[in-house]
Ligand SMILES: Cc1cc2nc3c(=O)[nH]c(=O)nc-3n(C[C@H](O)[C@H](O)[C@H](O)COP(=O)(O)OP(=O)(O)OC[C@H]3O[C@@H](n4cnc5c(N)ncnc54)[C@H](O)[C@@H]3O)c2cc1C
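A single chain, nothing else alongside it, follows as structure tokens in the form predicted on its own.
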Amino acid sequence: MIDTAGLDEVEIDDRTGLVRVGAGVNLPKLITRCARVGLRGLEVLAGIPASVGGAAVMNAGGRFGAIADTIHAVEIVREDGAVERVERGAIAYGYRASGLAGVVVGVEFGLEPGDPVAIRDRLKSCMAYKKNSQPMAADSAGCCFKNPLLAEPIDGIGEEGARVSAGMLIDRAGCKGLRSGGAVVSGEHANFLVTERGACAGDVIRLMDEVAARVRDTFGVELEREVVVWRRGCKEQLEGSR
């Protein structure tokens, strides 16, 4: 069994910029804490709802950068129970992917000491952008689908090989406001599936399936989920969505 005692620990050296944290640490809270002590790098991830471990595994990011840009190393528990430190150079980071195998239990960041006021201003700027373009006040898991690469050119969308906005495709496929039970495609940003009171996992998964089907039928583009679905304990509820 994995020892979870250190999963919420945070060690910050504001002189060197070295930050060591447990995988269970709340990413938004860590971003704010680092900004307050004048460490630059994580503020570009403002508004991303994640734990540090989850963000490290999927290389969470957005318009302003990705978490891989600041990672020095991760600590992983392998299937045999062995703990291994994996240096940044050995991690195959890409768009919303890391290739990490095992359970991430800790992450080490290399941040840059700077002016706390300037860093907090940058943090506020990133948050303002998110609030103006995304349903930050609603209940969601962030962006639902990865931005796809086009296998062929699509008029008015992009050229072959271009990475295009999943939200744009979902919007142009007429999905804004589409509903499944208590889950709804946001009217602010179509790549966000927001939930209302009483919504269940099955509602969200069925809505994801419907959105992906409409984009495929409209543009011939297969959307890949950015969120990870855990089905344990909800077999009966999800039978109709498989």
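Computed from a predicted structure; not experimentally measured. Numbers for residues come from their place in the sequence shown, where the first is 1.
Unshown form predicted together with the named molecule; subsequent notes refer to it.
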message: Does any part of N147 reach within 4.5 Å of the named molecule in the predicted complex? Heavy atoms only, please.
response: no
message: Is S51 part of the interface with the named molecule in the predicted complex - any heavy atom within 4.5 Å?
response: yes
The named molecule contact at R122 in the predicted complex, heavy atom, 4.5 Å: no
Exercise: G99 in contact with the named molecule in the predicted complex, heavy atom 4.5 Å: no
query: Which listed residue (V211, V184, A35, A55) meets the criterion of a heavy atom within 4.5 Å of the named molecule in the predicted complex?
result: A55
- prompt: Quick check: do G61, V104 and G142 each get a heavy atom within 4.5 Å of the named molecule in the predicted complex?
  reply: yes
- prompt: Any idea which of 197-205, 169-177, 212-220, 43-51 reaches within 4.5 Å of the named molecule in the predicted complex, heavy atoms considered?
  reply: 43-51
- prompt: Taking heavy atoms and a 4.5 Å limit, what residues of 9-35 are near the named molecule in the predicted complex?
  reply: A23
